[in-house]
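Just the one chain here, the form predicted alone, laid out as structure tokens.
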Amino acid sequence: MSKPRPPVALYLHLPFCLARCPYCDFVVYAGGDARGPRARTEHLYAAVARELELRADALDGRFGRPDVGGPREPLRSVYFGGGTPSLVPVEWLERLLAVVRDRYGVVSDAEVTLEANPGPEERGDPAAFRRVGFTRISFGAQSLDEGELRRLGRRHSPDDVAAAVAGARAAGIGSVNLDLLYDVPGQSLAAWETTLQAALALRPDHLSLYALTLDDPDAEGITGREGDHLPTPPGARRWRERARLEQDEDRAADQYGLATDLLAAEGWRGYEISNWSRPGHESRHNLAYWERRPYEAVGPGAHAFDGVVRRWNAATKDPYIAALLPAQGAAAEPPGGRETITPETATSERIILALRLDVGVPAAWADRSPLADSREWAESAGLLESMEVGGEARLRLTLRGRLLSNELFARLV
């Protein structure tokens, strides 16, 4: 039976954006909720700081204070996501990082990531980010095609992406990621290749390539008072309905295959289904998720995991702020939910997450896990292949397996 473990990583969700893109399902507050008289940005940041303290109090009680070599070691990764955290005043980023260092501890070579948008109004001051301790910036480029950016509702241009990467480099940011989307409505295979080549020309250290997904959180029942998503605005819903008609699974598969071949030829490692890096620039924070390691999280809609229990905060910001910054009385845990993971579910999760990685799983797992019942089918279908790492026999997804991974994963649940 697994036991709860202290976190190796921490995620902070800061949900404000200048505008909400029509495809976005993240917990985002935009427009008047992010700027103007009704915006409560300062209250939200103060509530996040208070939640950091509350979660640290709980960790102290369960595992003791952070100490190198102790039962609760300092964090190896801190990730500021959103939203657009680069919009947050540097003074607040510094205050939040100070709480993290004081209450959680951070190893000297930790990866500390900030998500940013590339537009001149949104990218912030990379020199200031570097000064307060950020070592990595992840830019939401999404495309390097002017027409595609307009269709996606993005506010920046391809030239802005180049300027953002150059500014991060000049500031001494040690690792730079670009997020890019494929299977975009109207996006040809040639246009996707042009975006990839333009991205490589900017010499980032990491690329996250995601197929555009147009889910419906309302239909999934995850937008209620304790849900971790927000309702989809009517305009975004209409945009998605039109966009789905212009998506194509075969074209998306061709785009993924093209990216795989192109990046491999350039010496990049496709270490996870959707992520490629130059050597040494794999995302340590996201690896904690895929390796099923424990992580803490704060902010509206944020998810945490201690190895046994998965916990989430509700997405709605006003109840979040009210719980943590009450007019009277002590701060309380914000609304949300939790789920205890059964041993059977934990086994399935461990296999599925490990198969997302290029190192796959030990072949021995197939003898005593849900993979045993599916291995023969998956190998005959060309989804799994054998390999050897350090003298150990392992199984990993083929390219076809990556494209059809959901079919295999559904059998493992």
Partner chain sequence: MRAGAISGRPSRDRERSGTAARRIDDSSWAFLLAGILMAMNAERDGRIPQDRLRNFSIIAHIDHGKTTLSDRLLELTHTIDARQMTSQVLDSMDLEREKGITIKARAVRLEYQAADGLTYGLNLIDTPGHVDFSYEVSRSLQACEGAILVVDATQGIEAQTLANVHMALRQNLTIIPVLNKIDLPSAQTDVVIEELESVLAIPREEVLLASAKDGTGVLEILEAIVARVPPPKGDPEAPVEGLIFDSHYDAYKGVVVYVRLAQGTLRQHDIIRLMGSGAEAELLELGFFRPQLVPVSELRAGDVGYVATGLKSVRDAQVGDTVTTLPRPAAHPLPGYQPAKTLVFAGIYPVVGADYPVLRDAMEKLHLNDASFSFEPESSVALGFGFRCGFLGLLHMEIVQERLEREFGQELIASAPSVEYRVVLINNQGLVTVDNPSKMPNAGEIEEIQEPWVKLSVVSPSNFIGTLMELATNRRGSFLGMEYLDPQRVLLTFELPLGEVIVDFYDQLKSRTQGYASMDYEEAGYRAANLVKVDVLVAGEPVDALSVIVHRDRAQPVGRELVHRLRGLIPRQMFEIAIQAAIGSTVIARESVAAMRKNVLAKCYGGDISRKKKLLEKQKEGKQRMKRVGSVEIPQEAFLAVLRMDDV
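What you are looking at is a predicted structure, and each value in this text was computed from that prediction instead of being measured. Positions refer to the first chain, counted from 1.
Not on display, but discussed next: the form predicted in complex with its partner chain.
**Student:** Please tell me whether the candidate spot formed by 183, 252 and 405 is one where all three residues come within 4.5 Å of its partner chain in the model of the complex (heavy atoms).
**Tutor:** All three within 4.5 Å in the model of the complex.
**Student:** Within 4.5 Å, heavy atoms only, which of 198, 87, 322, 273 is in contact with its partner chain in the model of the complex?
**Tutor:** Only one listed residue qualifies here, and that residue is 273.
**Student:** Go through 125, 246, 220, 241 and name the one with a heavy atom inside 4.5 Å of its partner chain in the model of the complex.
**Tutor:** Of the candidates 125, 246, 220, 241, 220 is the one lying within 4.5 Å of its partner chain in the model of the complex.
**Student:** Should residue 56 be classed as touching its partner chain in the model of the complex when contacts are defined as heavy atoms within 4.5 Å?
**Tutor:** Looking in the model of the complex, residue contacts with its partner chain do not include residue 56, since no heavy atom lies within 4.5 Å.
**Student:** Is it the case that residue 213, even though its partner is missing from this view, gets within 4.5 Å of its partner chain in the model of the complex, heavy atoms only?
**Tutor:** Yes - in the model of the complex, heavy atoms of residue 213 and its partner chain come within 4.5 Å of each other.
**Student:** Taking its partner chain as it sits in the model of the complex, is residue 92 in contact with it (heavy atom to heavy atom, 4.5 Å or less)?
**Tutor:** Close contact is absent here: in the model of the complex, residue 92 is far from its partner chain, nothing within 4.5 Å, heavy atoms only.
**Student:** If you check in the model of the complex, is residue 303 within 4.5 Å of its partner chain, heavy atoms only?
**Tutor:** Yes, residue 303 is a contact residue.
**Student:** In the model of the complex, which of 69 to 77, 205 to 213, 165 to 173, 328 to 336 comes within 4.5 Å of its partner chain (heavy atoms)?
**Tutor:** It is the stretch 205 to 213.
**Student:** Taking only heavy atoms into account, state which residues of 12 to 40 are within 4.5 Å of its partner chain in the model of the complex, ordered by sequence.
**Tutor:** Stretch hits, in order: 25, 26.
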